[in-house]
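First, one chain by itself in structure tokens, the form predicted alone.
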């Protein structure tokens, strides 16, 4: 395919998507969700088969991912070797917070972890290859180079979460609190995934701002590993009312622990994580559509 034909086809696909008939638009319709999931599974399965063709290499990368993420918890472990509490929270309570956000972020990173490459794809025009295929673009981009080794981050988060739940003291477990834990994990994963899509959408206009957008996801995960009481109240209000990271684990976890929510948030907000996740996904979907419509390729 020569350059002129390539550009013509890219422009044709772009016009079709702008008119609402393309794969990117269909991804957010009712049937488009099923089509996106089917595309994602096909692309991810291809990369999984490729990864498992070298089982020893996969085992080593999985273990290295598990160990590398565990060092984050080692820092907290060493910290509690010197103090008895952190911001009024015990070691088990901090482990609960750490495990909850680590598991949620691990799930989102497993599914959407390829999106930070969007800036490079927009810069060098390699996104055109995804636009030329008759399949939802977001599903293709998110599943491209699916990294099975990221299961190590999920495993590490789950191990710390289960350990934290086992050693927690003074928690009066009720059926509602038991149900809230898995809801918190899934809602947190959706919130992180929505932020990753939103960050990738911004890279259509800010190709070199990958580190900035990652600060809200990777940085947010690190922040949520610690109790809200150790941060400035303005920062806490920011992650409650502006970027709703507090709904990933802080608010539901504080309800489970029987503690008062921060920043004047009402108690019922502990159960609002699924609603917040749905709103975040809707905003991320609109941002992705706007970014995709603005894309004009590099012409190369």
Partner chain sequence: MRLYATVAAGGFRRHATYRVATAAGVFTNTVFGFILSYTYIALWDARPTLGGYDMGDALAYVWIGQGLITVCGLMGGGFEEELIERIRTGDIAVDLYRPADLQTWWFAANLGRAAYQLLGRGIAPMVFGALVFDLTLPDSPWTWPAFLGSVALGAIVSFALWYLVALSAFWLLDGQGVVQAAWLGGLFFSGMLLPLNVFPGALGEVARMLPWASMLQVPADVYLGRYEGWGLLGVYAFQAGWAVVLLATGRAVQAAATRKVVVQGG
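Residue numbers count along the first chain shown, from 1. Being a predicted model, the structure only gives us computed values, none of them experimental.
Just so it is clear, the following notes concern the form predicted in complex with the partner chain, a form of the same protein that is not shown.
- This chain is displayed without the partner chain, yet in the predicted complex the stretch 52 to 60 from 254 to 262, 52 to 60, 34 to 42, 269 to 277 comes within 4.5 Å of it by heavy atoms.
- Heavy atoms of no residue among 46, 288 and 296 are located within 4.5 Å of the partner chain in the predicted complex.
- Here is the short version: of 74, 167, 132, 183, the single residue with a heavy atom within 4.5 Å of the partner chain in the predicted complex is 74.
- Contact check for residue 158: every heavy atom lies farther than 4.5 Å from the partner chain in the predicted complex.
- The partner chain in the predicted complex comes within 4.5 Å of no heavy atom belonging to residue 204.
- The partner chain is not drawn, but in the predicted complex it has no heavy atom within 4.5 Å of residue 242.
- The closest heavy atom approach of residue 171 to the partner chain in the predicted complex falls outside 4.5 Å.
- Residues are counted as partner-facing when one of their heavy atoms sits within 4.5 Å of the partner chain in the predicted complex; in 217 to 241 these are 218, 219, 222, 223, 226, 230, 231, 232, 235, in sequence order.
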